[in-house]
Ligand code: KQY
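First comes one chain, alone, set out as structure tokens in the form predicted alone.
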């Protein structure tokens, strides 16, 4: 039985490490919802397999999978990727898995946020979401790690930390009426500071254009290391993303981090713009919460990559821009290997590689 602590990580001397710090394992969850993934989720499953393989070369991967899909997943995945039978509502492990915190004594605990499918009954993407809300505690149980049940609704993709006291998020998501309408910005900041041991919250106005998560920060920026971020960018003034990126650049430029540093910003051009094709939309079952229609602008972003153990897993989304994104990452991350994986099928479901992965830090 996993111990659930009534205190907070800050009180107990735990902090959330940055993604660039060493990982022991990575968790993913197998896609199968036919109202989110087209053609019975077969193309998405292939993409998830390729992401898992790219990660598993440097970091062990655990794949949560339902009982009904277990044999199928085992057939598709190589033997060194471990399957763990867990029932989920969908497969966005970043948002449903625990945000891990560590101390200097070799201990690790998970922060288990409340999850309401990106908006609950206000504008959530599906109902029910109870299985997803159980995943963080199940993962803590699996690793025999203690947990904290945080008192707010929050998804892992809505925050980035630098490991040295700074947290990045968007006002669009965390202050949205569908998350924690009873809390002020200051009260939210206090919960974040107490549960992740951060000292400074850098607020960015909005997330990526047409992001159905209400603007998750991980689709707009990525933390390279303390004091340095990548920002999704476009020079096209007619693109609705232009104004969003300008706002974000201004907010980041005017901010300092927890250590008082000015933030270095690398501009990373967005792919496309990309749109859902007729044949892609026609393969998806109808659903109340999720809009999946031909011609819909996809929230494509190269910033939605994963850093794990000196390797970057980069979503390949647009032949016209893929190489440019790869070159930037190789420049920004010296000593890292950049591995691209075709990720359009993941994007069609509403997110990307960062959204479908969650790291367990080394202790």
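Everything quoted here is computed from the prediction, not taken from an experiment. Positions refer to the first chain, counted from 1.
The form predicted together with this ligand is left out here; the points below concern that form.
Between the options 212, 133, 172, 189, the residue in contact with this ligand in the predicted bound form by a heavy atom within 4.5 angstroms is 212. Shown without its partner, this chain lists 143, 292, 179, 225 as candidates; in the predicted bound form, only 292 has a non-hydrogen atom within 4.5 angstroms of this ligand. Proximity to this ligand in the predicted bound form holds for all of 118, 351 and 355, with the criterion being a heavy atom within 4.5 Å. Only one segment in the set 250-258, 284-292, 191-199, 270-278 has any non-hydrogen atom within 4.5 angstroms of this ligand in the predicted bound form, and it is 284-292. Although the partner is absent here, residue 150 sits far enough away that none of its heavy atoms falls within 4.5 Å of this ligand in the predicted bound form. Contact annotation: residue 125 falls within 4.5 Å of this ligand in the predicted bound form, judged by heavy atom distances. When this ligand is considered in the predicted bound form, residue 308 lies well away from it, no heavy atom lying within 4.5 Å. This ligand in the predicted bound form is not approached by residue 112, whose heavy atoms all lie more than 4.5 angstroms from it.
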